[in-house]
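Before any questions on how it binds or moves, here is one chain, the form predicted alone, in structure tokens.
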């Protein structure tokens, strides 16, 4: 197999999960901006996600967020997804939008609130059973705003206890993916602030617990690809939440702020053996001012381009330069791959797969946007908290 054929073969296996909530209304701290044609229920979110997969061929699964995507019959929802050509992906919990969680959820000082939070996580595992989902994704807004507000060690003890109960509930082939975020909404001490804390809890829990890297959840200057390489080396990288940041957790389109960083991350994924179905590649973005579906299509394409460039890195030449201590040549090997225009390659790949060469143009010509604007009238639009 030629090098180009090998790159194409690898790209054909790529699967990027899209988040149900990205199809709904979202905004800043000050305003949620409504758009025409936004889904009114989880089924319509799946319909939109199916369009992304139809034109990219690389987005076969859709993550749900509970309770935003709560329905009476999850098996029927999974069947609806299958009918549309996609599947239900990760089940994301929500322990941050209830008044009881003002001082935390699973780490709350009151046992009753902790019980409520854990019960919600167990409900999410029930939903995994009903939908055939593999991954339970956990992100906690828990933390404190002031020194002395609560005991830091006790909060870690409560976190460990709650995670252990949920871990024991996981079934065969199911995983717990623990996400971290260094600040916000807690400003003094966040209970899962970094990859080390997440890794420590996952290591104690067992092989079904792994770490999720959200590319927007790091301090400025953090070397995210080093974290990726380390977690892969320890066999504890469960997946990604892809987005972009300029300042903090901006949740912008992946590849928009720093496409070179996305390339470096994907190179480490490939170098470390993480480019497999065992690593969940998911988008986690808020499309506040741009149209939802085109923005998600563009994001999938951005990940595809970064991956194609990473696959083009000449590993033998890079290793030779590194062994020789040739700093400039080693860097040049990476830069040669990054500076390659892979768009013609991806257009060719899509045509070979029976897809339109330009997913954005194909979506615009499809008429789906005009159809949903005309048909989705009445009811309550989906969005944050819905």
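Numbering follows the first chain given and starts at 1. Keep in mind the model is a prediction, meaning the values are calculated, not measured.
Below, we turn to the form predicted together with another copy of the chain, even though it does not appear here.
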Consider residue 353 of the chain shown here, and say whether it contacts another copy of the chain in the predicted bound form, taking contact as heavy atoms within 4.5 Å. no
Can you work out whether residue 286 and another copy of the chain are in contact in the predicted bound form, taking contact to mean some heavy atom pair no more than 4.5 Å apart? yes
Residue-level question: is residue 298 within 4.5 Å of another copy of the chain in the predicted bound form, judged on heavy atoms? yes
Does at least one non-hydrogen atom of residue 174 fall within 4.5 angstroms of another copy of the chain in the predicted bound form? no
Quick one: which of 76 to 84, 164 to 172, 137 to 145, 117 to 125 gets within 4.5 Å of another copy of the chain in the predicted bound form, going by heavy atoms? 137 to 145
At 4.5 angstroms, heavy atoms only, are 13, 54 and 66 all close to another copy of the chain in the predicted bound form? no
Which residue, 213, 252, 205, 311, is the contact with another copy of the chain in the predicted bound form, using a 4.5 Å heavy atom cutoff? 252
Only counting heavy atoms and a 4.5 Å limit, does any residue of 153 to 179 reach another copy of the chain in the predicted bound form, and if so which ones? 153, 154, 156, 157, 160
